[in-house]
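In structure tokens, the next block holds one chain alone, the form predicted on its own.
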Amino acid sequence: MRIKVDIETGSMELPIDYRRKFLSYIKSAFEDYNQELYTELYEMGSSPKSFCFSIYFLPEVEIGKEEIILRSKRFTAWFTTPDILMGVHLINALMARRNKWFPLADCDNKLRTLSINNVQERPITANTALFRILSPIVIRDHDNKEMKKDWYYTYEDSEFEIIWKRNLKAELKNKFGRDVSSDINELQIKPIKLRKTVVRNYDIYIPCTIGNFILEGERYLLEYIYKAGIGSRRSLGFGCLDIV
């Protein structure tokens, strides 16, 4: 399910850590819409969320070191999810905010949702698809035992594909009612203008990957990745994809 949301800002300035601010807007929308759902999503530890999003700025934008200047005072948020019920919750939560101003946390700006549209998904009819990365891909290796530290990898690193596939196996362990590890092992990424970028998120500078790539593999996995996104921190505004 793909949802396009057009947003207006009260002023032209957005902090460079805009994903964090927009996430606070989403969280407060969920909290106002359904307290039980909000608690399940955000107050029960770091449970995975079944959606990802990306932010698209209209052309008249200036990106500085600390802030972004939106001369149009408009941007578009794209949400994708393989979970239809979650998509309905997202639409309902944001519909309740349509044409109403809400302040951004710790920021001298505010947001107003202008329109929400359910966009037709593109069918995947073969075992290959050309993807455009809408929001940077984060591949994270987390040490759960001693150091509690994160390591991040971009496509330039030899560990990129290894860690991605390992994390995907853990994510899909109980998703399809069978072990899909061998199908994940067979996935092949063919880069098209992939490159490294660094994104500031929660005051941490995260190495990420942007560009386009071809993914070959079982069609059901391509469809899942198209809808769920790819990599880590997807519900924080990373790893959102579209088909070219």
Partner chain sequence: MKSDKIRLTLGDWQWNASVIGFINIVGEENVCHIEADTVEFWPEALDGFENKYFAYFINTYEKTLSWYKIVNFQDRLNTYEENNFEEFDLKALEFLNVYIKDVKRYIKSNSYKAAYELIDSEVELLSFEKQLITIKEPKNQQRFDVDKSEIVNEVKRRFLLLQQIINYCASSEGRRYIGAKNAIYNIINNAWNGVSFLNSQTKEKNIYSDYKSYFVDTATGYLQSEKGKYKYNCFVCDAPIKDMSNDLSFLNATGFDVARKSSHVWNFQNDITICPLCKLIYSCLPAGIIYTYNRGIYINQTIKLKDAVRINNKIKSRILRSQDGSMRPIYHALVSVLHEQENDSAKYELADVQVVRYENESYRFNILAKPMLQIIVNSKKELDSLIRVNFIENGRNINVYDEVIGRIFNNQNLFTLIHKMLYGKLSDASKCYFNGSHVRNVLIINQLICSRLGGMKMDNTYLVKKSREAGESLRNKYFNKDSNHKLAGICYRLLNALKTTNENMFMDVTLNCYLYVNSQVPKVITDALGRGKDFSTMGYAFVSGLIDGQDGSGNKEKKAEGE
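Numbering follows the first chain given and starts at 1. No experiment lies behind these values; they were computed from the predicted model shown.
What follows is about the form predicted in complex with its partner chain, which we do not show.
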{"property": "Partner contact for Tyr33 in the predicted bound form: its partner chain, 4.5 angstroms, heavy atom", "result": "yes"}
{"property": "Proximity of Met1 to its partner chain in the predicted bound form, heavy atoms at 4.5 Å", "result": "yes"}
{"property": "Thr125: touches its partner chain in the predicted bound form, heavy atom cutoff 4.5 angstroms", "result": "no"}
{"property": "Contact of Lys169 with its partner chain in the predicted bound form (heavy atom, 4.5 Å)", "result": "no"}
{"property": "Among the candidates Leu130, Ile84, Ala105, Ile162, the residue which, in the predicted bound form, approaches its partner chain to within 4.5 Å (heavy atoms)", "result": "Ile84"}
{"property": "Listed residue that, although its partner chain is not shown, lies within 4.5 Å of it in the predicted bound form (heavy atoms), from Arg74, His142, Lys110, Arg98", "result": "Arg98"}
{"property": "Contact stretch among 132-140, 84-92, 170-178, 150-158 - heavy atom within 4.5 Å of its partner chain in the predicted bound form", "result": "84-92"}
{"property": "Residues within 4.5 Å of its partner chain in the predicted bound form, restricted to 116-132 and counted by heavy atom", "result": "Ile116, Asn117, Asn118, Gln120"}
